[in-house]
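Take a look at this one chain, the form predicted alone, written out in structure tokens.
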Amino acid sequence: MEILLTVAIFLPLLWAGVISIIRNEWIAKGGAVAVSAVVFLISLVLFLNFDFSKEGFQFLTRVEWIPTLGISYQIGVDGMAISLILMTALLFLAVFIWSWRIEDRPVLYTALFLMLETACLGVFSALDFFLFYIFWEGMLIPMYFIIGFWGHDRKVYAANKFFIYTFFGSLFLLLGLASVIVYGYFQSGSITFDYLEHARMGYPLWLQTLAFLLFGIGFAVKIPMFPVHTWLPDAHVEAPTAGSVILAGVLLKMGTYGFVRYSLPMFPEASEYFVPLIFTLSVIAVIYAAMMAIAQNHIKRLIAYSSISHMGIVTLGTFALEHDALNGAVYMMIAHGLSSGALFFAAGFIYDRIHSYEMNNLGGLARYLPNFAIAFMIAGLAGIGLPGLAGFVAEFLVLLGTFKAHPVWAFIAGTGMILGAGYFLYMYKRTMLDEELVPEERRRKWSQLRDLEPHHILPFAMILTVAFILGIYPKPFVDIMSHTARLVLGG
């Protein structure tokens, strides 16, 4: 069973190399769908075979890589990691199906997304600092080219801004990794990059404080947290649809994953010390980003700000240092990955049909695109936490757990969540309804629009079905995610 995790990680990279040599459009597209489907099925098998009653990491593989430096190929998963891996595999499968009709350099496009899938799965699986950092940085290169090659008008600017911000954050992460590795060397007399050994080591408060800040800057930029969030709206606005889906659905989760995997267990005293700072930045993100979303006229910019707001809820639940809140934070990573992915698919569909993201140019589309209107509505309701969908369970757990220890912060964040309903309903009204404001000429033109096609329907169906399952029957998923809460918080 352990070998399956390695296969899932590197199969996309292997196929990227194959299609780069063959350079056949249909082999690239069909093979990418097949490979991503296999990765999803492997992830599902690992997820179903994960034993949440056992402590520690599962499906462990360790192979010596550079023994003189204490570097090994070591991977494994806990409840959070296996859940994120399954979600990542699902979103990449949806992206490859959605992109079936891409005509602009399809082989390169497919190869870059396959490379990106390997990097994302590797980040969530790595239990060696050196391996983790390689995957972490490896994600940056394909996403840079995806935005820069297939983006919109200001794509080069957005790609450069994305690269500069994330690379800047990664430098601080590298310094943080170096600090704990050097300390471990002076303590034990040998160099090791083994995460499990460092998690058991116990650092003095001064090193915890320093390392928490260095790691935290790297993770905060990736999330992104306020005030290092400004790269995200630009990246989303200019990125192609598939790039936005992976950026919001997967890449943003790497930052919050890093806080849960590294900051909380390795620097517990520093994490508790910085709770007021993290809470302040999180609540600002929840309220400020939601208000910014309401002020937008551009669909993708609105969804981008909503992502910043939702990730503020995740960091709030993470640093509440309470089991229910941490379960909710991990659940929110999955729920937001699904809902934001579906919303960016919806924005991309509108652009494909209307060639505009500006709400001033839209309105009344529900009459002409009824099937799309239903999918768009469900995706938005999942994002704002309607009962019966995944977002409700996540937000409820975060607020419940946070309220137990920090009732004032929970109340403030809860009021910010109300704004979420405001910006989605505003966007839906402006795009799907308001038919009386649409000029007659535009109505005649839109009467010829095609509704959802099979390569659109399948990604929506996959994502929204999972959102319903997570919302209607959350217990087994909460049990699996509780596995991480026990590892991190004890109990």
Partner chain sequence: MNWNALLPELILSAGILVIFFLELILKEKYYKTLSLLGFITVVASAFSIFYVHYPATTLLGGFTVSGFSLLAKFILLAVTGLVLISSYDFFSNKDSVYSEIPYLYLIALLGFMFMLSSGNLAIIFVGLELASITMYILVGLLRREYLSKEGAYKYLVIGTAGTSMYVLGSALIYGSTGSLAVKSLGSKDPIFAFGVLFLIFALALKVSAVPFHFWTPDAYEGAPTPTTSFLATVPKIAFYFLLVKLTLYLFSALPSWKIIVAVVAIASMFYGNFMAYAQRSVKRLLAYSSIAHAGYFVLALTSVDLLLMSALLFYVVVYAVATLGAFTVLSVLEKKEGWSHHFLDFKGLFREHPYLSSALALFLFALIGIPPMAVFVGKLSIFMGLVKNDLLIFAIAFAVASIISAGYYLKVIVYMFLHPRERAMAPARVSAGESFTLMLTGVLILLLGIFPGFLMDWIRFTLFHE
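Positions refer to the first chain, counted from 1. Because the structure is a prediction, the values reported are computed rather than measured.
One more form of this protein exists, namely the form predicted together with its partner chain; it is left out here, but the text below deals with it.
The contact residue chosen from Leu207, Ile71, Ala199, Ile284 relative to its partner chain in the predicted bound form is Ile71, the criterion being a non-hydrogen atom within 4.5 angstroms. Contact with its partner chain in the predicted bound form, judged by any heavy atom within 4.5 Å, is made by just one of Ile294, Ile412, Ile141, Leu400: Ile141.
Just one listed stretch, out of 257-265, 344-352, 218-226, 145-153, contacts its partner chain in the predicted bound form at the 4.5 Å heavy atom level, and that stretch is 145-153. Contact check for Asn361: no non-hydrogen atom falls within 4.5 Å of its partner chain in the predicted bound form. Taking the partner from the other structure, its partner chain in the predicted bound form has no heavy atom within 4.5 Å of any heavy atom of Ile97. For Ala126, no non-hydrogen atom is located within 4.5 Å of its partner chain in the predicted bound form, even though that partner is not displayed. The shortest heavy atom separation between Phe130 and its partner chain in the predicted bound form is within 4.5 Å. Taken together, the three residues Leu11, Ala37 and Leu44 lack any non-hydrogen atom within 4.5 angstroms of its partner chain in the predicted bound form. Residue Arg23 is the only one in 17-47 with at least one heavy atom within 4.5 Å of its partner chain in the predicted bound form.
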